[in-house]
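In the block that follows, a single chain appears as structure tokens, in the form predicted on its own.
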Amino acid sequence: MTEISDQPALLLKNVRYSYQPEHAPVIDIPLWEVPTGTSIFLRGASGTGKSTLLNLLSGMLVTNEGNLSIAGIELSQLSARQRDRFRAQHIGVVFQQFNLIPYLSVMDNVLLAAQFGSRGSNDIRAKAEALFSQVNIHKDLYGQQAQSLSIGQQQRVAIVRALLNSPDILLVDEPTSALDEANRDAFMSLLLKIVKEEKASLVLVSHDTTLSRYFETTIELSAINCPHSSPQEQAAREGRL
């Protein structure tokens, strides 16, 4: 695997993706750069390609055209196995539904991530416990099945799992959709605090406009994604006209 270089957290150039070759692209981004250490709120309405973009950024999908790099690594140049390894080591993802394994314990859900992406920590369990402490998950919960936790507790476990391998970038999908206002505020404060302490870059994707107040930078997905641009516009931006 190529070593991570001192590059932007994200760099997309002429990235296009469609689910079928004959269909118009869902994602068509001429240029988008996210500097390292930046926390971005990416807002978009339902059906505008948010989930597709997150899947591209995490390497779960591969672009049809263009260049998409994470910290200087071009994802399309990696094999499927290399992308899985790269994601485990360098990208943390907090899914909207958390994707915890319900019958595994809280601790086992988190330590499972270490098996795929540990960077050689001498005591990964100690790091897990330190992160659990930061998100107020008590030791009494370590042995409980994930399915027994409240929604808020599951969310915090998902954050710990995403941060365990010290990712370069954290991708968070609609994290507050199931939370009331008080829990939303607590979650956002906690998330941004931990991201800063871990020195990670953050892209949080949501349709909830109220989240913008937590971020210095808010970007409308429609401002960077142009899925309905004409062939002439596409050619012009690439210097072919």
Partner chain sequence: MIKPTMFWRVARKSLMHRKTSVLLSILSICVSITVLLGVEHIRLEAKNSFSKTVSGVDLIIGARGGEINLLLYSVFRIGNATNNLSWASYQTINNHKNVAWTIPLSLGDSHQGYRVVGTSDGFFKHFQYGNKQGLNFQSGGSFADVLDVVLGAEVAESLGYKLDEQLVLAHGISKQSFSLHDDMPFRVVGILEPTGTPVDQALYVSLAGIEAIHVGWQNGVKMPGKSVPLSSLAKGGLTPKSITAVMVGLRSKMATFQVQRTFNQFKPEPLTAILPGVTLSQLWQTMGVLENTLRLVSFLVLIASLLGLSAMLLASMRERTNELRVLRTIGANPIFIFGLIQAEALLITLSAIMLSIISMFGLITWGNTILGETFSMTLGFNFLRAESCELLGYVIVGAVLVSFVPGLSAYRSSLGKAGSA
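Residue numbers count along the first chain shown, from 1. Computed from a predicted structure; not experimentally measured.
Although not depicted, the form predicted in complex with the partner chain is the subject of the following passage.
Please tell me whether any heavy atom belonging to Phe132 falls inside 4.5 Å of a heavy atom of the partner chain, as the geometry stands in the predicted complex. Looking in the predicted complex, residue contacts with the partner chain do not include Phe132, since no heavy atom lies within 4.5 Å.
Can Leu190 be called a contact residue for the partner chain in the predicted complex at 4.5 Å between heavy atoms? Leu190: no, not in contact with the partner chain in the predicted complex.
Evaluate Ser150 for contact with the partner chain in the predicted complex, applying a 4.5 angstroms cut-off between non-hydrogen atoms, and reply yes or no. Heavy-atom contact with the partner chain at 4.5 Å: absent for Ser150.
Would you classify Gln97 as touching the partner chain in the predicted complex, given a 4.5 Å non-hydrogen atom cut-off? Although the partner chain is absent here, Gln97 would touch it in the predicted complex, with heavy atoms inside 4.5 Å.
Using heavy atoms only and a 4.5 Å cut-off, decide whether all three of Lys13, Arg43 and Glu65 touch the partner chain in the predicted complex. Checked in the predicted complex: no contact with the partner chain for any of the three.
Answer with one of Ser39, Thr176, Ser69, Asn55: the residue that has a non-hydrogen atom within 4.5 Å of the partner chain in the predicted complex. Of Ser39, Thr176, Ser69, Asn55, the residue with a heavy atom within 4.5 Å of the partner chain in the predicted complex is Asn55.
Since the chain is shown here on its own, which stretch among 29-37, 198-206, 177-185, 55-63 would lie within 4.5 Å of the partner chain in the predicted complex, judged by heavy atoms? Heavy-atom contact with the partner occurs in 55-63.
Select from 68-93 the residues with a non-hydrogen atom within 4.5 Å of the partner chain in the predicted complex and write them out in sequence order. Those in contact are Arg81, Asp84, Arg85, Arg87, Ala88, Val93.
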